[in-house]
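Only one chain is shown below, in structure tokens, and it's the form predicted on its own.
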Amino acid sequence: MMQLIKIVVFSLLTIGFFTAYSYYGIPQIIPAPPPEKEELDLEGITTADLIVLGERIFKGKGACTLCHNDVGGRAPMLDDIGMKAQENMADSRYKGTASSVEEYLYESLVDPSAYVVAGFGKMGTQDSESPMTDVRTGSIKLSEEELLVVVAYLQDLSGLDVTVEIPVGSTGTEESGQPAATTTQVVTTNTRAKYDSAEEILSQLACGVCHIVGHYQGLIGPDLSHIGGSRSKDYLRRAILDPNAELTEGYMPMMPPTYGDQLYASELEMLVEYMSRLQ
């Protein structure tokens, strides 16, 4: 009987210890407030606004800097892409239909294989096919307006005059014969519903561009297909929030440190839980 009492007391003390530790010892994750809705009325947008919004999409939603950077060598740098456009269009390997720099930049986003910079093509295609996909599809899904502001940003980045004009409103005719009311287009960024699954997070944040994870076969980041078997949840959480705190040997600091701002706390935990099961 005494032995049973000792076992019960020991069990209760152990449970109490771990309960207290989990409550007071593990940092609590406080959910961030929902992102505020950000709207741009394109009817009054200036060239400077175009460039700023284009840069934000280029470095954010578009995930362009994951490949177009001076560290990984995954894709060509775009600092002078506007200056090189005419040269590329004159190249015998050019398969596109653009006749101006603006058209070429737009085409490079929606039909990347129209011209592939030497050395950056998909393996085995002799630089005839780009590993990049149409940014209107897949996990990025840029709208027409978002495409145009990215083009404006690339023009400015190259030191060229911005020629992009975003059409605003419509003046069609209704069935009654009266002119249709003019409508103002609005570009909305930084607002969304919560992700429903870790797989959706991997897709929307373009994790598979760099990593082998799920059905993705990225080649420029660490293989995550069995990460849960060697790393704790604390490590995985820290790696997402502060990816440069502890780098995997042989890899450069390339992962954006902004995912903590892009994910709700519950989404972060859902992703951590998913990765911890990859064993």
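Since the structure is predicted, the reported quantities are computational estimates derived from the model, not experimental observations. Quick note: we count residues from 1 along the sequence shown, nothing fancier. Between two forms, the rigid core is the largest collection of C-alphas that superpose within 1.5 Å.
The form predicted together with a small molecule is left out here; the points below concern that form.
- Using a 4.5 Å cutoff between non-hydrogen atoms, M255 counts as a contact of the small molecule in the predicted bound form.
- Not displayed here, the small molecule is approached by V150 to within 4.5 Å at the level of heavy atoms in the predicted bound form.
- The small molecule in the predicted bound form comes within 4.5 Å of a heavy atom belonging to Y259.
- Using a 4.5 angstroms threshold between heavy atoms, P222 counts as touching the small molecule in the predicted bound form.
- Checking I212, L236, I51, I45 against the small molecule in the predicted bound form, a heavy atom within 4.5 Å turns up for just one residue: L236.
- Only one of the listed residues (M132, L160, A98, I166) places a non-hydrogen atom within 4.5 angstroms of the small molecule in the predicted bound form, and that residue is M132.
- In a rigid-core overlay of the protein, E200 has its C-alpha displaced by at least 2 Å between this form and the one not shown.
- Taking 2 Å as the criterion, A63 does not count as shifted between this form and the one not shown: its C-alpha moves by less than this amount when the rigid core is aligned.
- L224 shows a C-alpha shift of 2 Å or greater between this form and the one not shown [criterion: core-superposed Cα displacement of 2 Å].
- Put simply, P257 and L157 come closer in the predicted bound form: their C-alpha atoms are 3 Å or more nearer than in the form shown.
- Whereas the displayed form keeps them at a certain spacing, the CA atoms of G54 and L268 lie at least 3 angstroms closer in the predicted bound form.
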